[in-house]
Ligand code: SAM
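Just the one chain here, the form predicted on its own, laid out as structure tokens.
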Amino acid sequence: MDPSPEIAGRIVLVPTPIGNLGDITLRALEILRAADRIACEDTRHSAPLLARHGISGKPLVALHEHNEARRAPELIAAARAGETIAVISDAGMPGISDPGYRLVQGCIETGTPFEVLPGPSAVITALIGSGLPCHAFRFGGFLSVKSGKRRSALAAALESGETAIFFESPHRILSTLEILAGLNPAARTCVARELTKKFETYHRGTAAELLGYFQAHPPKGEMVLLVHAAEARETPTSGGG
């Protein structure tokens, strides 16, 4: 359903920094300052970002994976009544492994105006920084906690011929790299850690090399795993980044 021109309000999905709080756009700040209310994945997590930029006195409402189905109609009704509602997640683009999808679907179904602002994304940042091919890529979200499903996802990624990007926990990265190295030890691999933060690092090499590195160096921090099947004519890159 197309947005109705009679509706004065709107919902705006606003990307927020993935680490460095300075990585927020002027347009994002304009929307946050003008909004009648701000829907946050975690109001406690978002408060420091808003305070840093002098945004106070705004009603904050929680919008997370456990209440999005219930809260989305409330926000849509408020927008249709004339409110401007900014939607932010804990980091990056709302809707990408974060709440936002159901809300957007609700806006489309009801003809409620909504906008999506461009901004920080761990997916694109990690892809470019990895040095892996970026002309075609796939994003798989968070890898499953179940090893069998992780194996299937990684096998499909290796067979795709594209760079695959996943979010992974530091508690499971060793297990995941073991699976990956078992499938293709020469696969071109990158683990991007703590993106945009003080201790940001890119570790680049083969799956086998990165497995050895993280076995010797206990993994910490938020991680993005990228993988691309090594072609027969290529010599796998070596060393960590």
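No experiment lies behind these values; they were computed from the predicted model shown. So that there is no doubt, residue numbering starts at 1 and follows the sequence shown.
Form predicted in complex with ligand SAM: not shown, discussed below.
- Not displayed here, ligand SAM is approached by Ile96 to within 4.5 Å at the level of heavy atoms in the predicted bound form.
- Using a 4.5 angstroms limit between non-hydrogen atoms, Ser160 is distant from ligand SAM in the predicted bound form.
- Using a 4.5 Å cutoff between non-hydrogen atoms, Cys40 does not count as a contact of ligand SAM in the predicted bound form.
- Put simply, Phe142 is close to ligand SAM in the predicted bound form: some heavy atom of it is within 4.5 Å.
- With ligand SAM left out of view, the stretch that reaches within 4.5 Å of it through heavy atoms in the predicted bound form is, among 193-201, 27-35, 208-216, 48-56, 193-201.
- Taking a 4.5 Å heavy atom cutoff to ligand SAM in the predicted bound form, the contact residue among Ala164, Ala122, Cys107, Ile85 is Ala122.
- If you take 13-47 and check each residue for a heavy atom within 4.5 Å of ligand SAM in the predicted bound form, you get just Ile18.
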